[in-house]
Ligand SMILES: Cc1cc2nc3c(=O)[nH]c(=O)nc-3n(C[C@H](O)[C@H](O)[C@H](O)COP(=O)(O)OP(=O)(O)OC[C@H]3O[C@@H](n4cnc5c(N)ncnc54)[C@H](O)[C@@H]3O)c2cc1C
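We begin with a single chain expressed as structure tokens, specifically the form predicted alone.
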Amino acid sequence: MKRVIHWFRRDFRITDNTALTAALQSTQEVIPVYILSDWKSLHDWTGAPRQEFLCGSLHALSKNLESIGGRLIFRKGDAVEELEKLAAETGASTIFANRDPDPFGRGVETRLAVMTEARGIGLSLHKDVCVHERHEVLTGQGTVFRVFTPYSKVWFSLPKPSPGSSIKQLITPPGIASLPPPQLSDWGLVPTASIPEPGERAARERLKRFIAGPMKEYGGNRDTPSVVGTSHLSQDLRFGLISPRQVFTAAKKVEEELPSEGRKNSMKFLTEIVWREFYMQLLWHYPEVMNQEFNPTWRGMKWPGLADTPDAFERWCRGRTGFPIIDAAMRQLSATGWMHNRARMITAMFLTKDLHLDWRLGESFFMRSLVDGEIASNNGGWQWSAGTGADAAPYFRIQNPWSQTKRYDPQGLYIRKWIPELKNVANAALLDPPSDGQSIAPGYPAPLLDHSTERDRTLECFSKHKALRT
């Protein structure tokens, strides 16, 4: 019987898995493999929350494969080298995998293609991470969209693929050597956050709960960080515990039964799926955004920081800025590996426009701290907030943390949940900067800056740089 390899990358499920389904259509004897990275302790683009969720999801995937007769093989090291060894050991004729939208993953795919051609091994790569990828959503002239709204109109107009079915049976040849399932300690890490339950079953339950409830009022609740108004599916989409096709189809099915307002809310939610794919398409076509500003106007601009506050970045990371909405968000991130989307915008704009620090510092810190760290979305969000990205907030649009609190946390529910020092402070003290510039509660720091002053400084920095470029 012909044998093939399915290389799991970020598709940890047996339902609607494009490459795995294709592998089984070619033969019943499939060798599922996951290849562990061998870095230790520190990494620029991931950290303990995401690695812990990765471990749990791989454990769940292993059990799911065993339940249908298969076995997940674990190897460790360079992906291309390990796949070459596994194919030689097992006599596998073809390697199946789903494409990765990130530059690093694409680089591995390029090397893999060279190796398989040299060894006479088949390589079958598939679309799975997106509903529409790469060259599917283009302008009428066949060029890449750089602005979201026209991109989204074309995205919604295209026919959508239906989700595939669940795999019922899979045969893995016996006797293949495997490492044990990974533990967080394999990377020299320890748990740092209380993360969501990992695994495909948990992801499907989260989708079911969201579709049945919060989605119907998504538009009104999505920006309120104290309310469970968002889907909390970001980590599931990041690791492929659920596919975007499943999410789209489930939302559209319920949408048909909703009144007009409910349908609007469903559309607002689905638009967030489109934002995800917009940023992935931009990263695919403009990989330089990993290191540079998307908008060439702002490349080379200096981010001077606060000369009199050298520990500003550290205080931002620890939630000790003296701005309650900022500190609550950063402490939520530390405790859970997740942050509400509105809070992500507020904290990112504070780092870049109030602290005058390079957006790349915040981008990297988020990737190390988030359980749902998605390179494309994280980069796109940070550049949007910094005013340097595609379809970004103009540089002169600078969110005021105090005004954001009044609008999105007027009762201080979110703030008090994450900052116990402020549990007995009156609401009024949370909504405006203290008139005397002092701390508003024992053990809580005074604001480390005056927002109005730093706003003016930001406008000056951007204006000067723009003048130099024109």
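Residue indices: 1-based, along the sequence shown. The shown structure was predicted, so the numbers you read here are calculated from the model rather than taken from an experiment.
Just so it is clear, the following notes concern the form predicted together with this ligand, a form of the same protein that is not shown.
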Open item on the list: Exactly one residue in G199, G381, G240, G387 has a non-hydrogen atom within 4.5 Å of this ligand in the model of the complex; which is it?
Closed with: G381
TODO: Just give me the single entry in W187, Y218, F350, F294 that has a non-hydrogen atom within 4.5 angstroms of this ligand in the model of the complex.
DONE: Y218
Open item on the list: Whether W7, P103 and V129 jointly form a contact site for this ligand in the model of the complex is the question; each needs a heavy atom within 4.5 Å.
Closed with: no
Task: Candidate stretches 334-342, 257-265, 305-313, 154-162, one within 4.5 Å of this ligand in the model of the complex by heavy atom - done: 334-342
Open item on the list: Taking this ligand as it sits in the model of the complex, is L282 near enough to touch it, meaning that at least one heavy atom pair lies within 4.5 angstroms?
Closed with: no
Open item on the list: Can you work out whether E272 and this ligand are in contact in the model of the complex, taking contact to mean some heavy atom pair no more than 4.5 Å apart?
Closed with: yes
Task: Proximity of I167 to this ligand in the model of the complex, heavy atoms at 4.5 Å - done: no
Open item on the list: in the model of the complex, is there a heavy atom of this ligand that lies within 4.5 Å of any heavy atom of P181, even though the partner is absent here?
Closed with: no
Task: Those residues of 224-244 which, in the model of the complex, come within 4.5 Å of this ligand by heavy atom - done: T230, S231, H232, L233, S234, L237
